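Below sits a lone chain in structure tokens, taken as the form predicted on its own.
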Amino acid sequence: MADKSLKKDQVKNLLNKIAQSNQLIAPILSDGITLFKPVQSGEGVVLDYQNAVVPPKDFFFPQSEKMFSYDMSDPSWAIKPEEGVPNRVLFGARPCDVKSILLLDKVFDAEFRDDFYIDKRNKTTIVAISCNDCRHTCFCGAFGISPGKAEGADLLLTDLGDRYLVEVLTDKGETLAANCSDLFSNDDGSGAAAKEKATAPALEKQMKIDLEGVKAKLDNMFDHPMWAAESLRCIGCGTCTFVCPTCHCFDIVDFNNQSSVGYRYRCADSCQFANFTRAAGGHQPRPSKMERTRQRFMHKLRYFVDRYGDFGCVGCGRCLEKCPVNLDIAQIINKVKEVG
């Protein structure tokens, strides 16, 4: 698939055209912070951001999602499924967040297929943007993620100054590019070299975290005293899990408003909450912060690897920035490596 070129003064026209036939999801400034939101046009879309405060994961795995309704006055309790999402384009995702969606695929579209997630995934075309810069908390390179590559995206744009290099990566991307062909020109062959130069600062600037041997050590650290020591700082707020692009814990609840119609919801949950694993009879297999702190980091760096062959982290750095007590996965990796 041949690379394309998109002049910067055509970006808004591209977004406007996409919005005519798709739901457009893009980063915007909201109360001074960058968030992914559905938008009606290219007006107000920001593409020179380093990363959104929360990942675009919500558009595949929402924090709260109505699954179906049911009529309790009907003897059969007839279930009425919720309508699926429209065709849509997620525009502007960074490589780390695109990788996180591939990790969620391993959970929701593998051995156990989740129709709610799969519907959203199949109806979404992902247009990623390479990173020319990064935050001081970024460390995606530790997980083999490159600021200039976005496996899992359909199109990849790279800012080359006066234009974007547009790489067509999938059939979905080819379809989108064809539908907007009047806005693109063919790359003259200089794009690849210019891209490497443009994205090099992001790779050089990010934190250098070494994962060598971490999984092997964690295989024998379930009862290590480090977990008790590290958990002393944790306040159990769950912020780390709600800004994480790969966390996928959820609860399911039924609700009715004193009527015959009931609703079933799926709601994002957190392994850092005391009630997350509490059983109906009151048994609590993770009764203290120590067990819950251990679970978070063991899941990201050991259990996910055992089950899916990949780390459950993409080095986006959100937990480093948002944890109010500075208990983050980069520190844990380094401390695991120090264990004798």
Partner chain sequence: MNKVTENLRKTAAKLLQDKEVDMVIGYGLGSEAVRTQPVFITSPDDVDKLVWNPFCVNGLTKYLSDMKDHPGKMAVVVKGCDSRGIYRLAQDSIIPRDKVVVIGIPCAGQLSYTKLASKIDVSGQLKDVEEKGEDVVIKTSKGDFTVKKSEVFLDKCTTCEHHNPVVADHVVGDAINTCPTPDNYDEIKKYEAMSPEEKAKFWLSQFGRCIRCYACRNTCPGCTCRECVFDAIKPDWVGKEIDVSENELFHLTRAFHLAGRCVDCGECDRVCPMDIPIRLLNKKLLKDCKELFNMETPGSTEEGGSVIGQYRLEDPEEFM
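Nothing here was measured: the structure is a model prediction, and the numbers come from that model. Numbering follows the first chain given and starts at 1.
Just so it is clear, the following notes concern the form predicted together with the partner chain, a form of the same protein that is not shown.
Novice: Look up in the predicted bound form whether L14 has a non-hydrogen atom within 4.5 angstroms of the partner chain, and give yes or no.
Specialist: L14: no, not in contact with the partner chain in the predicted bound form.
Novice: Do S146 and the partner chain share at least one heavy atom pair within 4.5 Å in the predicted bound form?
Specialist: Although the partner chain is absent here, S146 would stay clear of it in the predicted bound form, with no heavy atoms inside 4.5 Å.
Novice: Using 4.5 Å between non-hydrogen atoms, is M226 touching the partner chain in the predicted bound form?
Specialist: So M226 does not count as contacting the partner chain.
Novice: Does the partner chain get within 4.5 angstroms of any non-hydrogen atom of S185 in the predicted bound form?
Specialist: The answer is no: S185 has no heavy atom within 4.5 Å of the partner chain.
Novice: In the predicted bound form, which of the stretches 188 to 196, 175 to 183, 229 to 237, 125 to 133 has residues with heavy atoms within 4.5 Å of the partner chain?
Specialist: Result for this chain: 229 to 237.
Novice: So which of D74, D251, D210, D171 reaches within 4.5 angstroms of the partner chain in the predicted bound form, heavy atom to heavy atom?
Specialist: The option sitting close enough to the partner is D251.
Novice: Report the residue, out of C267, A200, A78, A216, that has at least one non-hydrogen atom within 4.5 angstroms of the partner chain in the predicted bound form.
Specialist: Looking at C267, A200, A78, A216 one by one, just C267 meets the 4.5 Å heavy-atom criterion.
Novice: Within 258 to 279, which residues have a heavy atom closer than or equal to 4.5 Å from the partner chain in the predicted bound form?
Specialist: Residues within 4.5 Å: Y263, Y265, C267, D269, F273, N275, R278.
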